[in-house]
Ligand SMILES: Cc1ncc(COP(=O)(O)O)c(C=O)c1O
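One chain comes next, on its own, written out as structure tokens in the form predicted on its own.
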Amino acid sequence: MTKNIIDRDLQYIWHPCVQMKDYEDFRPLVIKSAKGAYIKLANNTKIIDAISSWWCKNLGHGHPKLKAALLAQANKFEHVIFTNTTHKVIVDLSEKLAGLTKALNKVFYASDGSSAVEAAIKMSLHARIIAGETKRTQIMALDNSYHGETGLALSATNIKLYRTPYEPLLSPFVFIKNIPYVSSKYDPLWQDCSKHWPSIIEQLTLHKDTLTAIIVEPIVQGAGGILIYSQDFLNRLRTWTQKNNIHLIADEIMTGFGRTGLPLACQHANIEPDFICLAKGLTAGWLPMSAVLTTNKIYNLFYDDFYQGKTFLHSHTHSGNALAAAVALETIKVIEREKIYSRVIKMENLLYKLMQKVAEQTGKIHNIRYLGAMVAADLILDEKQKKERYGYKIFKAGIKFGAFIRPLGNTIYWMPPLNIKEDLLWQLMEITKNAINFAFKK
């Protein structure tokens, strides 16, 4: 039966973010069920979901409270057009999201992370037009950034692997170089990046009169290699944007709802941006939903009679979807009840300790960096090995030994569910060690 499913899959399906030819020797995994931190395959093998299924399963698979919320809402209604309608669940959720910050108390709903980024960038530019600041049309992002794969989101992404084929379609965004990266919050650069700041200021100053916004993945850059940068850098950047009338957009799609140990990664730098984009952990990966939080100041620019032409005419069919909203609201409640943020803070040092053990026992990884419920390291490769796909080899071996690791190129990382049990992290360490040793075996 499994073979039949795979054959039918490969006959019809084009999978995301994969070279389909790879399936000639590494077939798609047929999933039977998933529970907690485990994914069960059709042959009843259980594997640890070490990357939270693309960083969204913050509460693991099949959480009973989220299931109950979904079913309860399904018994009322599943989706109604969100233009000209409202309902209690979406209002309750919006109050919760507005409570994440002091000033960002207007919530705009979209469908996924990329669409939230698109909406935030468009809001910033549109706000400038309304305000008569017509020279402010430029967007700046960070080197190694990833913000999604739709038009504006990909324009804000500076990873060649994703953007090169589509360069003719992309907007000319500017990227800040020489980011002050750190290994952890105990790195001296975390508190003080002053030696890097003159180079940053020089780059910023070149564009200060034409920028409408700077978009960042706050503190942690995900697809760029799980790179962690100085909170002092983010704090200084926010001060500079405020001084120079430039919006700051925080893409908290991966970091939001506890991944770094705080509700929002921006809080490490004690800042509030002008826009926050949320997705992934918003519904704990149950359903697609994203949101853009912004301020009353920006919202009020658009508030006028229809014929003034200030309406933000950006919409998605499933904006404010009731099923997703019910799960999102319950996700926030579960995070509060289960004290997830404090659990993540306790997990932080253990993840580092376990990745250190992998480094010591394999001799094949270095440059360990960690924050909250994430840890990453890079493979040590000679020039010949760099031409081979060792990360991919480790991914395949990881499945064999019992974990879905899926490295980012040659970066090995763990980003498990925030409520994962400690004994599974020790198992993950052993599996990762065995997978690395197997991949490098002569």
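In case it trips you up, residue 1 is the first one in the sequence shown, and so on. Fair warning: this is a prediction, and the values are worked out from it, not measured in the lab.
Absent from the display: the form predicted together with this ligand. The rest refers to it.
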| item | value |
| --- | --- |
| 4.5 Å heavy atom contact, residue 319 and this ligand in the predicted bound form | no |
| Heavy atom of residue 282 within 4.5 Å of this ligand in the predicted bound form | no |
| Residue 241: touches this ligand in the predicted bound form, heavy atom cutoff 4.5 angstroms | no |
| Residue 118, heavy atom within 4.5 angstroms of this ligand in the predicted bound form | no |
| Contact at 226, 378 and 409 by this ligand in the predicted bound form, all three, heavy atom at most 4.5 Å | no |
| Contact segment among 230-238, 172-180, 190-198, 147-155, judged by heavy atoms lying within 4.5 Å of this ligand in the predicted bound form | 147-155 |
| Listed residue (254, 266, 328, 358) with a non-hydrogen atom within 4.5 angstroms of this ligand in the predicted bound form | 254 |
| Option touching this ligand, based on a heavy atom within 4.5 Å in the predicted bound form, out of 92, 143, 338, 112 | 112 |
| Stretch 210-248: residues contacting this ligand in the predicted bound form, 4.5 Å heavy atom cut-off | 217 |
